[in-house]
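Next up is one chain by itself, shown in structure tokens, the form predicted alone.
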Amino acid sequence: MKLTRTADLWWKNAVVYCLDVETFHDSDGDGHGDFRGLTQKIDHLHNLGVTCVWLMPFFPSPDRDDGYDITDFYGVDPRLGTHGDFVEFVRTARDRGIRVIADLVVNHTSDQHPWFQEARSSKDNPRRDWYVWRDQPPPDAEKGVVFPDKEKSLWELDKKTGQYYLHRFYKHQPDLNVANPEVRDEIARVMGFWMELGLSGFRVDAVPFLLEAPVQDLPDPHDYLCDLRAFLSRRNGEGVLLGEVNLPYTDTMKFFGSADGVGDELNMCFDFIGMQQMYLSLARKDASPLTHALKERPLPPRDCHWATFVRNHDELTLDKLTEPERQEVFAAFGPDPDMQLYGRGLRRRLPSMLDGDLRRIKMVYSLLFALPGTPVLFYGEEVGMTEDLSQEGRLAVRTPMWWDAAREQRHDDDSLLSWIKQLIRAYRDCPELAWGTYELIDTPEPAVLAHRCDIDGGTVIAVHNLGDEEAELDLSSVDGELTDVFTEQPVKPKFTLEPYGCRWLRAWAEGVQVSR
């Protein structure tokens, strides 16, 4: 098979693993994970097959929002280590073939950040315009509140100066004014600093909020995202921007950019729509919602990609489902109000939602790696971590890594850990999944999702049964002989898929040349 791809698109077939340094591994027993502990566990990530680590915020912070309230964009939280510890981790990861990206949280700062302390000192302070101020809040000040259980307005009165500042998130997180060229330059300096220390890119937090809040002085807010991408590419030709853009597909596409059909803004965007429709399909035991989402999902520009995920570090948002659909998912996977958050999501992990049914859990992760896009894992998913509902809000899914479970499962061929390792090996051995075009395959079974990925004469077919009954499949229309990707044994085109079963099949067809 001849594939045309270059190293600077490494993220197209990466396996991304998101973790919080503070909860991953504690090297010195002080109750906090740290970079030295993370470095000690690098072989776990390497053996799993991870090729990119995404670090949640590790910067100095009052920690009122789990590190997303930053007081120094150039620092390392002393609880987690030093710059030297950070560099040692990045170097060790690179030695194992693992790149590192980090959260770029520049929509806002902590209200304890020196920039904001200066800005609020007087209306004449040089940093005043680094934030967004108004004499009076607008009439719709409550519209778009992200945390309705904590905040009632997007604007907060600063008593000293008598003006209101904008905060799309908590009131202790004032929004930066990216319309100010000095702020844009500072953000570029932050990016450049961490790339010099070895980062291969950034997961950009809250992208729509970053661009939409203070844009009155920008002719086109997407110009700023283009500037960030151009700066990243100049500093590191293989650098990546992975964006948190939870919008309908047509709106999300704008954040890829469209220069020359290649894309000049974000390299990757999370597929929030597909994720939410997947949970609706799981709740109904019917593949139709997910099938519809995949049919509707646009192809990104040539050198861009979707990022797929089962779970992330926030609540499992279901905000793009209709209210009746959301209630279906709540009823199936989080009927207790304490399992729900903000009326729009669940603060649960997958094993709990599926009642520990290992068949269903394994099928869902097979789906993650088989769907077109770059798979992103949240730490602990590989060992079946569950949530701790005694923790507040989103912290229920951000508890310490289960290292005991990892040790117990390491040599168990039937464990979830072994299955995830097998999936990652198969994913890396099937370039069709990452680099090829995909097509849904119609089946008479409503619970079954079947699709094929093709490139340069190679074809991989994945079939997943989301239902609790056997399904009869007929793939006779597929050219070429079928073999099982995992066992390399031949497979007849007509076969039975067990409840919650999944199969990856390879078929080679003569004379087919598919490329992107």
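In this text, residue numbers run from 1 along the sequence as written. Note that this is a predicted model, so its numbers are computed, not measured.
Omitted here: the form predicted together with alpha-D-glucopyranose (GLC). The next part is about that form.
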Note: alpha-D-glucopyranose (GLC) not shown here; in the predicted bound form, the stretch from 183-191, 392-400, 358-366, 151-159 having heavy atoms within 4.5 Å of it is 392-400
Assess the spot marked by Phe169, Gln173 and Arg203: is alpha-D-glucopyranose (GLC) within 4.5 Å of a heavy atom from every one of these residues in the predicted bound form? yes
Could you spot which one of His108, Arg347, Arg311, Arg99 gets a heavy atom to within 4.5 Å of alpha-D-glucopyranose (GLC) in the predicted bound form? His108
Which listed residue (Asp77, Glu445, Glu244, Glu328) meets the criterion of a heavy atom within 4.5 Å of alpha-D-glucopyranose (GLC) in the predicted bound form? Glu244
With the partner left out here, check for me: in the predicted bound form, does some heavy atom of Tyr68 sit within 4.5 Å of alpha-D-glucopyranose (GLC)? yes
If we check alpha-D-glucopyranose (GLC) in the predicted bound form, which of the residues in 133-157 reach within 4.5 angstroms of it by a non-hydrogen atom? Phe147
